[in-house]
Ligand SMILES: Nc1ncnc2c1ncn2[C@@H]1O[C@H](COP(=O)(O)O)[C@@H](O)[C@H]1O
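Consider the single chain below, provided in structure tokens and representing the form predicted alone.
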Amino acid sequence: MPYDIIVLIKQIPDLELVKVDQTTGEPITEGVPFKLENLSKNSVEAAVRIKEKNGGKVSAILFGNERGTQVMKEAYAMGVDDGYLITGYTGNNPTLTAKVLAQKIKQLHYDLVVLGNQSADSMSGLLPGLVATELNVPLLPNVISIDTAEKIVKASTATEKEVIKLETSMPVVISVTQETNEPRFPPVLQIIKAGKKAINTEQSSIKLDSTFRTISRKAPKSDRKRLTFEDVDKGAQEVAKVLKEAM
């Protein structure tokens, strides 16, 4: 049975290339390229696998800025059929993000909405629940496996002590984890083809007065004591001493 699947993806700066201003402590993101966030890759993989098994279509939605076009093309290369880039991103506000995404989702037909259970930059984990609330549909959170039959979704989620089986009817929001799958590496021809596909771009119309605000994003100060030991045995004793004191 074919399904209309929406996958929510996110653009983030390549964190490995972000440096810290030693004077202010603020991260330097100017000129740092954006990439498809890791859990977004798991989300795309999950959505594409459902399409490959059952048929249907995968549409991606990204709320960010104009630099997200490359991120959307990466999702295309992995198997997404069409994409919507909503510009007007003004910061890391999960309430605003959920409202913008839900507004767009409601304009499309969907059976499943798939997204990561958190993101590498904020790691708040709030977005899946907020999106499900805005859409007024069930949420299957932190799933490690997904199975569909007719209009029913069966999923498993893992806690520290056990694996819990979940089941609900569509439409539904599903948040995935890194354990859900191993994202694919698209072949070169798919990457070339993805680069030629059109991206639907629109401006966000939602404005929100929120109590959320960023207090600080400064990197913690790190004053490391550097000692060099030519005598290995003496150095090992010093390291053992420091570790023992820390414990």
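Note that the structure is a prediction, hence the values are computed from the model and not measured. Don't overthink the numbering: it's just position in the shown sequence, from 1.
The following text describes the form predicted together with the ligand, which does not appear among the structures shown.
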### Task
Quick one: find which of 74-82, 126-134, 147-155, 162-170 has residues within 4.5 Å of the ligand in the model of the complex by heavy atom distance.
126-134
### Task
Work out which of T87, T95, Q118, Q103 lies within 4.5 Å of the ligand in the model of the complex, going by heavy atoms.
Q118
### Any non-hydrogen atom of L8 within 4.5 angstroms of the ligand in the model of the complex
yes
### Task
May I ask you to state whether T180 is within 4.5 Å of the ligand in the model of the complex, using heavy atom distances?
no
### Message
At 4.5 Å between heavy atoms, is E37 in contact with the ligand in the model of the complex?
### Response
yes
### Task
Give a yes/no on whether V58 approaches the ligand to within 4.5 Å in the model of the complex, heavy atoms considered.
no
#### Entry: in the model of the complex, residues of 132-167 near the ligand [heavy atom within 4.5 Å]
none
